[in-house]
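So this first bit is one chain, no partners, the form predicted alone, shown in structure tokens.
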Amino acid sequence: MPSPLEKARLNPDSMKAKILGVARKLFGDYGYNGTTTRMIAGKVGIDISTLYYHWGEKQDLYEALITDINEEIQLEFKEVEKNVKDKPLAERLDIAIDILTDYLFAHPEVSNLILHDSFNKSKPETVPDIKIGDFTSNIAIAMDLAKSRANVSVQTKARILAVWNCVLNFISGESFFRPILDIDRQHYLDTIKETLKFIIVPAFTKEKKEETYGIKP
């Protein structure tokens, strides 16, 4: 029997899908603890019993939401891997930044959820998180910075996390940063991509050359 999430995916116009979409936005804006089922039901325009009928308790809805996002991000990584195959590292990084930044800008609630809930110590331990650790290892392998998940070094993970942190903060902080830059949204997106590439591509490719050819500064 299909799960509520599978039913929502199969019928994007259904009430299940509408509730899920509203929940993504509200959980992204207010985090797990700051969002209530009553808030979600009110935003959808239904009573609370209808929400429970379609999704159950708040944790059930949140778990489905996180599963949905984790699987979405995995699909983005597959797209990255397909497009970077057999290309030089600089080109791999360029493509990966474009694809992942486009995805996160199109879905700002993902960045908000990561920043809200990954560092929220009061959230119940049984509530799942977006799998940043898994995605960090996937990036390392796709960029040929490691041969397998088992041998991704701590240093490589830390540097990839630094990239994640930059992207997430630029996206979640758009309403703060964009007025400072005084540019429209498309110009902001292009500027963030260019800035990330300016910092990241030379740093990673320099290290890769040193590792491959024994070149030291």
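Keep in mind the model is a prediction, meaning the values are calculated, not measured. For every residue, the number given is its place in the sequence shown, counted from 1.
There is also a form predicted together with the DNA; it is not shown, and the following applies to it.
Engineer: From the list 29, 190, 47, 68, which entry has a heavy atom within 4.5 Å of the DNA in the predicted bound form?
Structural biologist: Selected residue: 47.
Engineer: Pick the stretch from 181-189, 147-155, 54-62, 164-172 whose residues have a heavy atom within 4.5 Å of the DNA in the predicted bound form.
Structural biologist: Only one stretch qualifies here: 54-62.
Engineer: Indicate whether the DNA has at least one heavy atom within 4.5 Å of a heavy atom of residue 159 in the predicted bound form.
Structural biologist: No, residue 159 stays farther than 4.5 Å from the DNA in the predicted bound form.
Engineer: Is the gap between residue 38 and the DNA in the predicted bound form 4.5 Å or less for some heavy atom pair?
Structural biologist: Taking the distances in the predicted bound form, the answer for residue 38 is yes, it comes within 4.5 Å of the DNA.
Engineer: Taking heavy atoms only, is residue 15 within 4.5 angstroms of the DNA in the predicted bound form?
Structural biologist: Contact check for residue 15: yes, within 4.5 Å of the DNA in the predicted bound form.
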